[in-house]
Structures are given as structure tokens and as C-alpha cells.
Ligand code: PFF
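Heads up, the chain below is alone and in the form predicted alone; it's given as C-alpha cells.
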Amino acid sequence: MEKKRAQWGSKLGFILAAAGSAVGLGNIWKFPGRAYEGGGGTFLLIYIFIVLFLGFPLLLTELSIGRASQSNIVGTFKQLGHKRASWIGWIGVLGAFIITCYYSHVGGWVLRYVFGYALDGPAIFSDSTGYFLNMLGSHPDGTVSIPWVALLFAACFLLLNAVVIINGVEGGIEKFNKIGMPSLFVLLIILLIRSVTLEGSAAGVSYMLTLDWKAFTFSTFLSALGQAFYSLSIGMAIMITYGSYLSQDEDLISNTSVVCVMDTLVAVLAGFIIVPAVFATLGNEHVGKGGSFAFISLAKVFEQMPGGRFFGILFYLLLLFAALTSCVSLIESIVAFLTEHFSWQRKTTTIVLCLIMFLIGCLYTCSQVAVPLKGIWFDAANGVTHPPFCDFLEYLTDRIMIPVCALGSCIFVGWVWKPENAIAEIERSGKRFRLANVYSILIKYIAPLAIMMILLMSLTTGITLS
């Protein structure tokens, strides 16, 4: 007897899970910095435009082929096209696996900082750089060691993910996101109120609302394009997998719209939290992005903020929920493939997979400062280089695997499976897709060109768009 495929227990459960997948660390610690660099309101407008005309159709495409196949990402391309198209799914699975290896360890750092601000706040404020480097194994006396604390918290973070995954789609992932996503929005609102009520924050708010077209450049467009593209979890095997758990009567158009709105809202709120707070405490020249900004620079913001230690705890809880909801979706996409393709048990597969990812991730964390482990890379700007292993993993996924998988999906739907079949799947619930003709043009021509632009710029200029 064929085993019945898992499904979401409710529309809300799916939306929260899909939004949780889309909402990740990049929404919170990269978007505000990119928005500031791109001219504030100018960047916001461009970003929303790109989400509407690129992010929405790409996300809708992945959900539609997932639901049409009712299979994992590799099985999807086999069933809807030809077995030779399964290479797209294999790249998606491998990309999700590599991303989870390092993303789970960064999630462990976030978990460490939740406890750090709660138990050791003064030490963070007195030397935020030293505190961060010490966690990664670099000590004040110049010596380095294996970063056992960071590795321990990464193991704890992965254990939390494993518990959710083992309990299945409805009993684990859906239940977790029904708690995690509302909690994330509550934390966002609390931090937003604290930020915009700081003395001097009005200048930051004004900056984020001002349209300054002199700040618009091609680099601004590329930055917004990359941020929107990666923020929605496109090209990572996630949304195809999540779409495969949808029932046939679900309205894909409205569901996709809500997920895009929620993901964009989190990013915009994060921008209105961080930019005004930095304006009010350190000055606008200190607005930054990425891990070093989140773990080092923001400590100075919380130090000068009334009640800063408490709001520091809330901020890292916010990051923790964002990291967990994204990481759960990454692991689920891999587990779904392994359990269906090889008929393995979910519990055993999850445990073994998390253990392997943890061990590979240890190399990522150790290569930050403790171990001089290198990778190899080539781009037209710098030629052959040997970046730290941690950077190599990110280059491999961000610059090649994710855009190639997304490009393959677009070409597959646009030219192999055909937009007509995607539109028929989208309209299966009975709701007419009024922008079907526009969708066909976007998925056949515009989206592939945009993705190829990301690939080209990443490999010729050496920039990271994610």
C-alpha cells in the first residue's frame, strides 16, 4: 500500500511555514545595511518593485510545480519533464545541504548571544570585538584554539531543528511556525517602538522614507535584486518541497502573495529598527550589514540605548526565530528527498543528516579564525584565489548553486513544462489568474535574464549579491 504523502494541516500553517522559510538572517542583518547604502526610501521602492515583478512569479512557479508533482525536488523534475531535468533538483538539494552546514552554525552563534546578553552583558559591552572573536577561538593573548563554545551552541541549535523535523510536517514544522512566526513579529514590533522613540532616531526614519534618485545606480538595482531573490528562498529546494505538501484546492496566488508581503514586511521593519537606532546612538556612518555588524557593531548601539541589555536579548531572540524557521525548511527539503528517494525513515534520516551537517559546519566555524583552512575560487575580477573555507562555502552556494537552480527552474517551466501547465496548476483552485499572460513573459524571458545577470555579476566582479 502506497504511503499517503504528508500535507499541511491548514492554510495558516502553510503560510506561516513558507513565510518562516523566507524570513531569515538576511532580512534582519543585511537588508537594513543595503537599504541605507541604496539611499533609504529609494532602495525600498526598488526592492518592492523587484519582489512584485520577479520574486512573486518565481515563488509562484516553485510552489506550482511542487504541488503539481506532489514529490520532492528531484522527483518533481522527473515527473513533470524528463529524468534528464532532475539535475536541477540535485543542485537544489546539494545547495540546501551546504547552506545548512554553515547556516546552522551561525544560528548557534545567535543562540550563544541570547545567553550572552542575558548572563554576560557587561563583558559584551566592554569589548564587543574581543567577545565575538573569543567565541570563535581567538584569545586576547594572541593564541587560538578550537571554538568549543561556538560548536556546542551550534549542536544545540541543530538539535532544536531535528526535534521539529522528526515530528513531521503538520506535527512539527507547522506547529513550530505557528509559535515562531507570531513571536518573531511581536519582537519586531517591540524593537520598532523602542528604536523610533529614541532621541535622534527621527533622522533615520526620515532617511528610510526619503526618495533620493541621485542615490540610484546600477549597483543599487543589483543589490536590491540579489536581496529580493535570495530572501524568498528561491532556488534552494524549499518552496518546491513545501508546495508539494499543499492540497489541490489551495489558492496558490493568494498564498504566494501573503508570503511575499510577510517576508518584505519583516525586512522593511528590520530596516526601520536598525537604521534609526544606529542614527540615534552611533551616527549614520556606522550603519552596516552582515555578521560582524550584528555581533560586534550593534553591541555599541545597545550599550548606549536605555534598557539596551534587555533589548539586546530581544534582538537576538528575533534573530534566533528567523534562523530557526529558515533552517527547519532547509533541512526538511533534504529530508523529504532522502526519505522518498531512498525509502529511509524520517527520524533516522534527520539524526544522521544533522550530525553530518554539524561536522562539516565545524570546519566553517573553525576556519573563521582558529584553523587556516582554505578553499579555491575563481572570478574574472581576482583570478584564482584561496579564500577561507567559510567564505568558499558561501561563494559556492550564493554565487553559483542557488542562481543556477533557480535559472534551471525558470527554463524548465518556461520552455519544457510550459507556462500553460503552470497556469493550469495555479488556477486549479478555481481562481482565475488574471495576470497569466504577464506571468508567461516574466517566467520565459525576464526572470531568466535577471538570474543570468546575478550569475554574471557574481562571477565577473567578485561581488556577493545575497
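The first residue of the shown sequence is 1; numbering continues from there. Bear in mind the structure is a predicted one, so any value in this text is a computation, not a measurement.
Only in words, not in the display: the form predicted in complex with ligand PFF, which the text now covers.
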| query | finding |
| --- | --- |
| Selected contact from 302, 157, 230, 337, since only one has a non-hydrogen atom within 4.5 angstroms of ligand PFF in the predicted bound form | 230 |
| Listed residue that, although ligand PFF is not shown, lies within 4.5 Å of it in the predicted bound form (heavy atoms), from 236, 277, 74, 354 | 236 |
| Contact of residue 330 with ligand PFF in the predicted bound form (heavy atom, 4.5 Å) | yes |
| 4.5 Å heavy atom contact, residue 64 to ligand PFF in the predicted bound form | no |
| Residue 88, heavy atom within 4.5 angstroms of ligand PFF in the predicted bound form | no |
| Ligand PFF contact in the predicted bound form: residue 447, any heavy atom under 4.5 Å | no |
| Stretch in contact in the predicted bound form with ligand PFF, which is absent here, among 244-252, 183-191, 321-329, 363-371 (heavy atoms within 4.5 Å) | 321-329 |
| Contacts with ligand PFF in the predicted bound form - residues in 98-124 whose heavy atoms fall within 4.5 Å | 99, 103 |
